[in-house]
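Here we start with a single chain on its own, the form predicted on its own, put down as structure tokens.
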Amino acid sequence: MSRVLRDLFRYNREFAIGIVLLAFVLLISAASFVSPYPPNDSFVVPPDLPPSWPYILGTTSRGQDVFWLLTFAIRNTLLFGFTVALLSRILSLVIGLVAGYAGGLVDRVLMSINDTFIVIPLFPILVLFYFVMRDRMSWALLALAMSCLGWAYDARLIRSVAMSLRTREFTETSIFSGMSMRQILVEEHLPYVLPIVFSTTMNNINWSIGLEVTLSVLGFTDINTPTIGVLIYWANQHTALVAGVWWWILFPVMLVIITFVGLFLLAVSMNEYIDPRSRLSRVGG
């Protein structure tokens, strides 16, 4: 995997730009650990100040420094996206590899479950989940719910690769040598699907962040945990645009757009690397 990432950074401009953009976002999120203000404290600075040297991104109507508040918000947003992607990758890997390798009844049962999750309308389900769990709604609970709903598309993709690997000679050799199914899937098949897992992980992080921002702006999440969506939610509650406090919305939106573009470029470059023809033309084999 390290060789793949090295080749991509060396030969693929989109991958390099994506890495630089994400490094910038991660640097801002890391600044939250040296913030002079707790994220939920209000009126620690003068309210409604435009961007200036003491407050480079301005202050909010709640008396919070936008820059330091943004560091906490993007850190929690990224952590949310990575958590959802990690949990859903585990589900999609297990189900996709097992279904593709086992075939037969196991494959039909798992794909029936998979197709059920594909057709479920995610947004209405998550809104209903919020109203059911409103008193106990938390950041972690929403991440778990989205993880359980966001694995189906990628599991089918991994299954298609596993089905082709099942007929390869090295798989038959592994069976004759006495390896168990778990060993074959982990040691023989998993390395072949890792580039696909990386690409789908970037897309899944984008999906989960976008959905979290949408739910937070509408107030359907825990509004006491600062995220990009919660930041915009409070700006809307204080009618920031009407009051002329445009920086309260502009900078969070700009930062989340940079995050989306960086993750999208990483996913596109990895998809290009997976295609042998584009890899040979750009990377050279």
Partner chain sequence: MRGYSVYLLSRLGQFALVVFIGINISFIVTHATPIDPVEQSIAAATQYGSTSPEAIAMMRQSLRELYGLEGSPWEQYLSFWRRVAVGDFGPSLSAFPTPVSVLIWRAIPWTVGLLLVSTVITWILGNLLGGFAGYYRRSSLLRFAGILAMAFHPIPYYIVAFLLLIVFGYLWPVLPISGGYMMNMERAFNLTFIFSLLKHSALPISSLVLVGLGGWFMGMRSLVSNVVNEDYVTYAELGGVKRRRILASYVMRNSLVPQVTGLAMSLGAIFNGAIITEQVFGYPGVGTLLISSVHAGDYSLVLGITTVSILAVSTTVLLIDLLYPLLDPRVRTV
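Numbering follows the first chain given and starts at 1. Note that the structure is a prediction, hence the values are computed from the model and not measured.
One more form of this protein should be noted, the form predicted together with its partner chain, which is absent from this view; the next part is about it.
**Student:** Decide if the three candidate residues L218, N236 and L241 all line its partner chain in the predicted complex, where lining means a heavy atom within 4.5 Å.
**Tutor:** Verified in the predicted complex; spot residues all in contact, yes.
**Student:** Which one of L91, L157, I125, M163 is close to its partner chain in the predicted complex, taking close to mean a heavy atom within 4.5 Å?
**Tutor:** It is I125 that has a heavy atom within 4.5 Å of the partner.
**Student:** Under a 4.5 Å heavy atom criterion, is Y130 part of the interface with its partner chain in the predicted complex?
**Tutor:** It does: once its partner chain is placed as it appears in the predicted complex, Y130 has a heavy atom within 4.5 Å of it.
**Student:** With a cut-off of 4.5 Å between heavy atoms, is T71 one of the residues that contacts its partner chain in the predicted complex?
**Tutor:** It does not: once its partner chain is placed as it appears in the predicted complex, T71 has no heavy atom within 4.5 Å of it.
**Student:** Flag V98 as yes or no: does it have a non-hydrogen atom within 4.5 angstroms of any non-hydrogen atom of its partner chain in the predicted complex?
**Tutor:** V98 lies outside the contact set for its partner chain.
**Student:** Using heavy atoms and a 4.5 Å limit, would one call L22 a contact residue for its partner chain in the predicted complex?
**Tutor:** It does not: once its partner chain is placed as it appears in the predicted complex, L22 has no heavy atom within 4.5 Å of it.
**Student:** If you look in the predicted complex, which residues in 74-92 sit within 4.5 Å of its partner chain (heavy atoms)?
**Tutor:** Contacting residues: none.
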